[in-house]
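Single chain ahead, by itself, as structure tokens, in the form predicted on its own.
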Amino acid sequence: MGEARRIRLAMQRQGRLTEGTLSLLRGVGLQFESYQQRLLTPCRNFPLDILYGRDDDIPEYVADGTVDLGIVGRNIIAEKGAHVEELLSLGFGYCSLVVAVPNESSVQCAEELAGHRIATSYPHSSQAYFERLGVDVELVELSGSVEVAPALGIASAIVDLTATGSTLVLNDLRQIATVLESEAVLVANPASLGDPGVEREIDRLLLRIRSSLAAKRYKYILMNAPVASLPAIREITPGLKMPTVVPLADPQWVAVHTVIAENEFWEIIERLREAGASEILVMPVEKLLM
């Protein structure tokens, strides 16, 4: 058996994933400092050290074993082509790598860009995408302000990252295709997963993160209902397995405790009321071990 040791996790020092990552790590009970001038900080209550770095560098840190884990956008993993193992999707940092053209362009799909110049900060992902389509394009790599390339006459179209599409609108661009969908992911060094001592600590951290992510998908509800309504309530919301039913002083009524999925919340609440449930109390789920 390998000996347990402190594990290392790389995260973005400053950027669009920073706040979500810090919230996630603190939400699973980790205690650490996050001063931006610090490069490496230890957790006080878990055998984990956090390395703050540039998001572009994180895949390489993980791949070469500088760290055991990393939290980074899936788009960066794809662009760098780093040999890492994705463990979890983390539910924040959603964005898309898209193909966009000027509003006045006659181009309606990516296939119509054959022979055109395409500006991007993601040359490898873009090249792979157009090769899959069998479309020959000339890529122009830019490090920033890609969205102004068509207006400057540098390119006919762009491949760039967008979260809301507002930057495209502001620059009179419209999306015509999606290269890939991205969100923050937890990735691991394959060799770290092969070390029993390290893997034990990674599994401990994964248990915490999975329980926190699962809790966000559910609401805990308590309600009163006539006994006659129980069959309908069980059908509407079976809970994770079965709802908990507690007798009340009135033998014709019971209290029902269960959980419901966040994305079905209002539809289920309406159906419960129609089935006879009343005094429905809704509470957030702090942690959920599945």
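Throughout, we count residues from 1 along the sequence that is shown. All values derive from a computational prediction rather than experimental measurement.
In what follows, reference is made to the form predicted together with a small molecule, a form of this protein that is not presented.
Taking the partner from elsewhere, residue 125 is found to have every heavy atom lying beyond 4.5 Å of the small molecule in the model of the complex.
Within 4.5 Å of any heavy atom of the small molecule in the model of the complex lies no heavy atom of residue 26. Interface residue remark: residue 257 is not counted as part of the site for the small molecule in the model of the complex, having no heavy atom within 4.5 Å.
Under a 4.5 angstroms non-hydrogen atom cutoff, the small molecule in the model of the complex lacks residue 192 among its neighbouring residues. Proximity to the small molecule in the model of the complex, taken as heavy atoms within 4.5 Å, picks out 74 to 82 from the listed stretches 101 to 109, 196 to 204, 74 to 82, 210 to 218.
Between the options 156, 121, 182, 171, the residue in contact with the small molecule in the model of the complex by a heavy atom within 4.5 angstroms is 182.
Only one of 163, 88, 148, 140 lies close to the small molecule in the model of the complex, with a heavy atom inside 4.5 Å, and it is 163.
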